[in-house]
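Before any questions on binding or motion, here is one chain by itself as structure tokens, the form predicted alone.
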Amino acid sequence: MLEEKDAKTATRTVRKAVNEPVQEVTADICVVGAGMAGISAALEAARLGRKVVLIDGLPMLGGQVVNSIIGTFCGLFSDGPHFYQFTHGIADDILRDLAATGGLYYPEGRRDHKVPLYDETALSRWIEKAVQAAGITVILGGILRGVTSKERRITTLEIATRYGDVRIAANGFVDATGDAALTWQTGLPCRRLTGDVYGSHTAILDGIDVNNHPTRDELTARQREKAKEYGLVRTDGIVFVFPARGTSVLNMTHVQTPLEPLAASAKALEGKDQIDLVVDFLRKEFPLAYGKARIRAYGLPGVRQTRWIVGRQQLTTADVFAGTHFSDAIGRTAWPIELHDKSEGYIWQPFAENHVHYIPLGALTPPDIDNLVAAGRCIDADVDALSSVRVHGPCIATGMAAAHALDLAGTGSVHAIDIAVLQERLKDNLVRTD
């Protein structure tokens, strides 16, 4: 037995090869970014029978919706007396399956509430199982470091991982990175902010007494009164209470989100410092609800708007307010203008009842490339308009549209597809009101 054990635990000395081989992977569609938009695109493409590769820089799937612990599904539902769901596709599956297992909570017990809460662990497992069942090839911890393009087409991506490099060739590509990293690395023009839009660093607290929780108005009033005393940066934060779990999700911080490695790393630590100050405030100011509260988990740094593509068309604030119904519309929402452009607070500008605004395919497609479609928060819109379409519902819708546009384009151009056929495939996201 000892000899057998020694053989199994033997070691050898190794050294990295000078010209280490690069692993080659091929696909029909390659999706970069595994947040809500990227998961939607990947699953939709797989359902269309396409061979799909899905890449994310994190060591797990789900992007911000899971790892930044957002806690609420935003932009999925309409306002007004005629309440209905805007976006379908994987949204239907997620809402059904999480509700069946207790992973979904509707505030006040109302299933017509436009912002349901979700259990991030349940959603994470749903995403992982769905991706596995779809036969999608996944590369986690994959950092995009090079793009090769020729004659208006991306041909290959160079991905670095801690386990070695990977080269991916595909017919079509989806930029669901959130920061337009694929578009940027391709050398295409992008838009960047000249000012700040702040992200939120969130956390989950357990050990709270949900029966003694303050109202939102009480919480905000106390924040504004005591912010300086406790060193709080944001004075209008929100707490989402999940009674079945006895937990709350804190969305009470504001942190800059620079696109520079040293500054981004420093801000990631600053975000946790802000959370600690918020928890100290809650414990002392609301002891009945939070006196025994504990931080269960800190989310990863949350990002709202940093860099996005220059599309064939830009969605404007005027389009959003007018509810412009574009001839190439691919999705819709009624989420308010939600611009976090100052540290202490944000702009929240809801629309009239039954308002709907639409997203054009042109906002997803850079004009100088034929096989790239953006999805999620890096589509083309002005700053205010983007703040109303960067949430979950539109992210799912743009992911679906990206998959179908590339499927229809095949080895041709996404700029030459039949829009009527695309819209027929996406009709539930454009006209369904049940």
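Quick caveat, the model's predicted, so the values are computed rather than measured. Each residue number is its position in the shown sequence, starting from 1.
Same protein, other form: the form predicted in complex with a small molecule, not shown, and the subject of what follows.
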(Q) Under a 4.5 angstroms heavy atom criterion, identify the one residue in 36, 401, 45, 54 near the small molecule in the predicted complex. (A) 36
Q | 304, 213, 267, 332 - the one with a heavy atom within 4.5 Å of the small molecule in the predicted complex | A | 304
(Q) If we define contact as a non-hydrogen atom of the residue within 4.5 angstroms of the partner, is residue 73 a contact of the small molecule in the predicted complex? (A) yes
Q.
Considering non-hydrogen atoms and a 4.5 Å limit, does the small molecule approach residue 63 in the predicted complex?
A. yes
Q. Hey, in the predicted complex, is residue 176 touching the small molecule, heavy atoms inside 4.5 Å?
A. yes
Q: Using the partner position in the predicted complex, report whether residue 183 sits within 4.5 Å of the small molecule, counting heavy atoms only.
A: no
Q.
I need the one stretch from 357 to 365, 165 to 173, 143 to 151, 80 to 88 whose residues put non-hydrogen atoms within 4.5 angstroms of the small molecule in the predicted complex.
A. 143 to 151
